[in-house]
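Taking the form predicted alone, here's one chain by itself in structure tokens.
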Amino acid sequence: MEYLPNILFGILLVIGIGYFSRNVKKLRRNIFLGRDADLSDNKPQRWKNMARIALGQSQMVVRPIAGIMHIIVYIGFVIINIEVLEIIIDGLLGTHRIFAFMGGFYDFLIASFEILALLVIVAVVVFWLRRNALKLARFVKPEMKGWPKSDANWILYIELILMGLFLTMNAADYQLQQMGVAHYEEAGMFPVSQFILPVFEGMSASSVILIERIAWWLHIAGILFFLNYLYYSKHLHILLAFPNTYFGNLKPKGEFANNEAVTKEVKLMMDPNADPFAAPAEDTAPPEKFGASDVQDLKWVQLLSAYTCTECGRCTSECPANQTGKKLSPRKIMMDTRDRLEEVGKNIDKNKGEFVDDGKQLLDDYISREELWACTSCNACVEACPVSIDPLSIIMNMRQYLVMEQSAAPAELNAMMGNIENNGAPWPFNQMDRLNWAEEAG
């Protein structure tokens, strides 16, 4: 019976990490349903971008209030979880604060953790008020109703509970140290949780131990729950922001990739030695699909971005089309891509590893044509994203499908392309008449 708590802790740890590993495998499988993308170029710049954007949070502070609060929560989340390592070792070995041998440095660490925990609580309260009381415009868009809104609030509640349990655990531990209870040797400095000590006045040592153990168990169980909840939450970006910023587009914003098949045709047309009447070489490969109508047509890095989306709405708040009342929301483009990808993944799970046509696709069933053609391709959404997501690339791929596979461009665009083909310019004027306006003005 002496080792029963350690055994139970080990079982809890194995279950939590095992389920997390299962989710990681499913996530990886879904992401690589997309097309290949060679992103092995310029590795030094990619590492630099990851360090600056994901680790350094450089894009967050563009909006100072939200940025600073987010950095507090981010640092608190990362650093406080260093103590999780100690909790795991103590749980498996039955020890008490095994890192206490570090002496003064350990005191400094625990004090820092507690101050950060308090700052996280303050930041979480501010975030909750911004979303639910102040109702900032970017948090009340149509796509933020239902689960996205609930998810954002649940994350805040979970963080609040975890920090509360952490401070309660420390306060009870400190009280037991003061009481000289065996096993609770003096270790650590508690600048925040010491103010909770009056709650334990008059309690017996066994009661305080019970509170400390309950808070300890709930804290580690909560962390394991949060780890597995990430897969279903927008907070998956905690993990995916790092690879997403590493694999982010290094080309200048606004530079679009040439379509290889179209480039080949243009070069053939421009070649004076080419025979325009020659029969094309026989090609046994299946015809290439231009653009994207479903998630499998997108590149895997675009699917990675869909899972990385923080749903912060900075892209949508900067979008000129959205600002002028158009239906387009870059955030919704990423959310829809992720939702469709999840649907495809569940289809594969249900059908023993094979995708069975479900009569749906990303185009029309999730993202409307009206949304796609509302985009001005200005790159404001790409510039605003704090984790290097490129909604515009998905929009352009889907537009390409509409134009090149379905000839379904808007009438205005078709007229412009016809004018370019016939007149060498977007305007419906013969080249000989193009300067008539100047003569009339004279």
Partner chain sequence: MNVPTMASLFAEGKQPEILFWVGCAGSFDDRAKKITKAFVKLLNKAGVSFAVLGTEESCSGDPAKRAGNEFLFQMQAVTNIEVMNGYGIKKVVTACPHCFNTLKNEYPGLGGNYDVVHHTQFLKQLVEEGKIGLKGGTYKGKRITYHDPCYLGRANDVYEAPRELIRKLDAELVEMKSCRQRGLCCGAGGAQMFKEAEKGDKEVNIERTEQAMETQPEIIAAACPFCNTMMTDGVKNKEKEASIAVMDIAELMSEAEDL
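Numbering follows the first chain given and starts at 1. Everything quoted here is computed from the prediction, not taken from an experiment. Note that the rigid core is defined as the largest set of C-alphas that superpose within 1.5 Å between two forms.
Below: the form predicted in complex with the partner chain, not depicted.
Contact with the partner chain in the predicted complex, judged by any heavy atom within 4.5 Å, is made by just one of Lys326, Lys360, Lys350, Arg130: Lys326. This chain lacks the partner; the member of Met269, Ala137, Ala182, Met102 within 4.5 angstroms of the partner chain in the predicted complex by a non-hydrogen atom is Met269. Contact with the partner chain, judged by heavy atoms within 4.5 Å in the predicted complex, is confined among 250-258, 206-214, 143-151, 338-346 to 250-258.
Within 4.5 Å of the partner chain in the predicted complex, a heavy atom is found for every one of Glu265, Cys378 and Val403. Shown alone here, Ile15 lies farther than 4.5 Å from the partner chain in the predicted complex, counting heavy atoms only. Within this chain, Ile31 is remote from the site of the partner chain in the predicted complex, having no heavy atom within 4.5 Å.
The closest non-hydrogen atom of Gly164 lies beyond 4.5 Å of the partner chain in the predicted complex.
Using a 4.5 angstroms limit between non-hydrogen atoms, Pro320 touches the partner chain in the predicted complex. Although the partner chain is not shown here, in the predicted complex the stretch 33-70 places heavy atoms of Val62, Arg63 within 4.5 Å of it, in sequence order.
Core-superposed comparison between this form and the one not shown: the CA of Asn430 exceeds or equals a 2 Å shift. A displacement of less than 2 angstroms separates the C-alpha positions of Ile72 between this form and the one not shown, with the rigid core held in common. Core-superposed comparison between this form and the one not shown: the C-alpha position of Met203 differs by less than 2 Å.
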